[in-house]
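Okay, here we've got a single chain as structure tokens, the form predicted on its own, with questions on binding and movement later.
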């Protein structure tokens, strides 16, 4: 971090928060609120005289509350910039002035109680999202006694205790009596791999962090009894299995089973009840200290950034990459990249690797004089546009801007548009044209496919990235499904306009299928959610007109679900056979009358 602070082309904004991001690749406008430090960072020499004079004592967040700091303090060793910061909510001399001892002690007169927050506007070409993570709060797992028993710590608190720069200068001491413990236990998967009592996913780092901690303990205190309670050890990294084996050889006792109860005895020791899965017995262990290997969760700022940049989230709450193999650090929004635990739980090596990849991907875009836009983009007819704002509402990339108050026609940023076509399908005035997937082109396909023996065919609209690829996978896998399926490819299910469906029924289609990516896995962020709303609206209109709504089906099929594609088409064929010729004729008559 020090090297980054000295780099002439890197600007570090400390105590700052991104409050708004607008624009698109090459032209992001970022709004940053830089909070007041109340100390002139250019003049401050970090001598520490102000902190010595400050009478306010507070828990030190960097040391997980195991030590104290003053109201004016250095956030952590080697902080950049190397200057102190004053917390206004803790200071006694901010407003009104009743203390000011730090100001009197500062020879440089760096402290200024009248500093205020600043709002900065920065234009950037690309954005790297590296929001980090948040440790799981183990207090919900009350059986472990965290916060009830002083000698129960989290893995982060343990790290600060054994760190040479920590509150005990690296000496492991029990919080209750400040003596070196003779026995210590580690509980794995606290808050991880349990959907009911935490997170269902594996937090990746916990197992090897515990193995590393046991090796540190055995190197410094060979006579200490160390026990690890676990479900299974996941040591899949390079050299990790060797570290695990080395830990066992040094005498660390690994017990396959998680504690169900922890109680504190009169002398402050902890009695742990563990169901040993290997031996099938209920064992009791008396320990001086207990360490909870807590899992990790997405950073609190994740949802806020998702709304700003139009990003996708996984079911676990982390950011979703554009493609897990081909674009592992790219977001679906062009010009946005991921690094570190913003995308999933990672250790240091993986975080560094992904950060390097994100930097190279960003450089690859920024080094070009011009950025090539997608050929499949939307165009707005200024004469037909009524500035209703519907297109801007449904665009998952915020590529369309419109001001309904000024009645100015909508504008499309071609560099940000990815061509999903949702705006064209939702425009009530027909003012939007999708290049290469125009209404006329898709309408002509519907007309051609249903021109002959329409009652015998299944009309299906398939999105390019999932459903159409799923159909291709079913074909190359030689899976059997009805041969009367007629596919129309669209870039996204969000492109399927209501009028395409009515056209299909008016030309005698017995059943129509609209298929796309699974919800939460859309190639165009959340465009398929508008597909759901549109299909529901069409079905309600069908019922009002006396047309069976079951004849319009909506299915989610991924690119790897060739078997599911075949099953869906088989069901569609069964549904088609249930539609009589008279019902098809009645539908044609109803739609002709309404037209």
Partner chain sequence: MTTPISTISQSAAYQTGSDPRIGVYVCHCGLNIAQTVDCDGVAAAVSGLSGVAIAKGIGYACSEPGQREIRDDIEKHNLNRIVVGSCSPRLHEPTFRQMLIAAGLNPYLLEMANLREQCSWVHMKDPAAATAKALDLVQMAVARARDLAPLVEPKLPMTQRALVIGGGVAGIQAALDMADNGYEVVMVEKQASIGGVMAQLDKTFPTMDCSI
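Think of the rigid core as the biggest set of C-alphas that the two forms share within 1.5 Å after superposition. Model, not experiment: these values are computed from the prediction. Residue numbers count along the first chain shown, from 1.
Quick note: we don't show the form predicted together with the partner chain, though the next part is all about it.
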For the spot marked by 318, 384 and 427, is every residue within 4.5 Å of the partner chain in the predicted complex through some heavy atom?
no
Out of 240, 502, 113, 221, which one falls within 4.5 Å of the partner chain in the predicted complex, going by heavy atoms?
240
Can you pick out, from 164, 282, 195, 519, the residue that has a heavy atom within 4.5 Å of the partner chain in the predicted complex?
164
TL;DR on 55-63, 545-553, 42-50, 532-540: the one with heavy atoms within 4.5 Å of the partner chain in the predicted complex is 55-63
Does at least one non-hydrogen atom of residue 305 fall within 4.5 angstroms of the partner chain in the predicted complex?
yes
Any chance residue 572 has a heavy atom within 4.5 Å of the partner chain in the predicted complex?
no
May I ask you to state whether residue 340 is within 4.5 Å of the partner chain in the predicted complex, using heavy atom distances?
yes
Please tell me whether any heavy atom belonging to residue 579 falls inside 4.5 Å of a heavy atom of the partner chain, as the geometry stands in the predicted complex.
no
At 4.5 Å, heavy atom to heavy atom, what parts of 373-404 sit next to the partner chain in the predicted complex? List them in sequence order, or say none.
373, 374, 375, 376, 377, 379
Tell me, please, whether between the shown form and the other one the C-alpha of residue 261 is shifted by 2 Å or more, with the rigid core used for superposition.
no
Tell me, please, whether between the shown form and the other one the C-alpha of residue 26 is shifted by 2 Å or more, with the rigid core used for superposition.
no
